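As a starting point, one isolated chain is supplied in structure tokens, in the form predicted alone.
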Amino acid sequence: MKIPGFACKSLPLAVALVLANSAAAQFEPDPLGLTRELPAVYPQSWIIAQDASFFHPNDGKFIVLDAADDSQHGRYKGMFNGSFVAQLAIAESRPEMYVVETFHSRGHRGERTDVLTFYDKRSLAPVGEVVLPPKRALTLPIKFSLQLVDEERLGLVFNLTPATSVSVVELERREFLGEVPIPGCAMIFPTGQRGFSSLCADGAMLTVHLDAQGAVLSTERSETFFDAQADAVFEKPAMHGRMAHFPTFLGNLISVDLSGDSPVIASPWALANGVEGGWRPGGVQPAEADSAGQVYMLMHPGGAEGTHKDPGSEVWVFDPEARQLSARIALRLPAISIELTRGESPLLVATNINLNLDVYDAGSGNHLRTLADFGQETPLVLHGAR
């Protein structure tokens, strides 16, 4: 039985089906279960972009990228997870990374569990965890909420309930050791051999010295060195070794030497001295230091009350020893966070207002490339890989 118009259409269809079946017969699926490993020590140009997944924080992730790679596929090295606005610390003495994260038994509700998860730097796979008291600070990512001390033997986790304390973890044995109260103070800045300091609401710094078991040996308190009402400090200093350079909301810089048992606090100096325009620091991650100790700062003009989170249109480079401005880098787009790669010729990486990553030559200030479409949503904080 012939159906008008059918025969002329059925032949191409039949040919297509034959070709499809032939192609399917020749197709060999990719083998499953293959794992490609990254190096145990990451190259100097690599960074880790922390995507906080701001609108669905249970799905946070850390994306490993090569900031020096111009190819779309080559720059992406891998990804690992971090639940509910996690915090990250990266070891240098062993191929491990540590993520403090939070889970609930019913997804977004139910019993809360906080853990310090151990990730292998080569496979990016979780290889262990330590259950913590369910009180770690649930804030936007801040590098100084999770730190390593005592030659990376102890991990310290900042807690906020709203009482403040620090959980201590023995990393080699993967064991929770205890909790150190730091009333009225916040954040963790490694100090001396096995201690840490915290910023306090009264403008002082509390320093805690620990023994080998993570218990408190002694505490001390500095004199007041900033006024939280008149000119608060950012809790995110630029770190060069154990030298912490704290910018203030009004545009001063206070350097604190944390290499000894007691912090040595220098007098503040004005970042924009002699520069017109009301320039101030601002952003989510406003300050970083390079391997030579130069301090890079996100700056915006027209600073006023409440602009300390504003994106910066320029990055200023300072010599903190000479207390002077060395260079100004005009950004292609305003940025909210910056990071520097390691080495003598670092790259400056900035999370711009489109939430892509602009890469600049830190020496010349030239824009080199933009990293986009690497699976990011809200890469609020950048980490220098090592």
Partner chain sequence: MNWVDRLFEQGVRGVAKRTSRRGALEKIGMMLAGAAATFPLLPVARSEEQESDAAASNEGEESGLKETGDPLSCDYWRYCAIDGFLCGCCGGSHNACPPGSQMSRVTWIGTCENPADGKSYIISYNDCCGKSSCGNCLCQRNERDRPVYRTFSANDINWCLDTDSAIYHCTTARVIGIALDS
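In this text, all values refer to a predicted model and were calculated from it rather than measured experimentally. Numbering follows the first chain given and starts at 1.
As for the form predicted together with the partner chain, it is not shown, yet the points below apply to it.
- Each of Cys200, Ala232 and Phe249 comes within 4.5 Å of the partner chain in the model of the complex, counting any heavy atom.
- Among His209, His308, Lys143, His240, the residue placing a heavy atom within 4.5 Å of the partner chain in the model of the complex is His308.
- Comment: the partner chain is not present in this chain, but in the model of the complex one of Thr224, Thr161, Thr113, Ser93 has a heavy atom within 4.5 Å of it, namely Thr161.
- Heavy atoms within 4.5 Å of the partner chain in the model of the complex are found in exactly one of 161-169, 289-297, 121-129, 256-264, that being 161-169.
- The shortest heavy atom separation between Ile336 and the partner chain in the model of the complex is within 4.5 Å.
- The closest non-hydrogen atom of Arg328 lies beyond 4.5 Å of the partner chain in the model of the complex.
- Although the partner is absent here, His104 lies within 4.5 Å of the partner chain in the model of the complex, judged by heavy atoms.
- In the model of the complex, at least one heavy atom of Leu138 sits within 4.5 Å of a heavy atom of the partner chain.
- Residues Pro334, Ile336, Ile353, Asn354, Leu355, Asn356 of 333-356 are found to place at least one heavy atom within 4.5 Å of the partner chain in the model of the complex.
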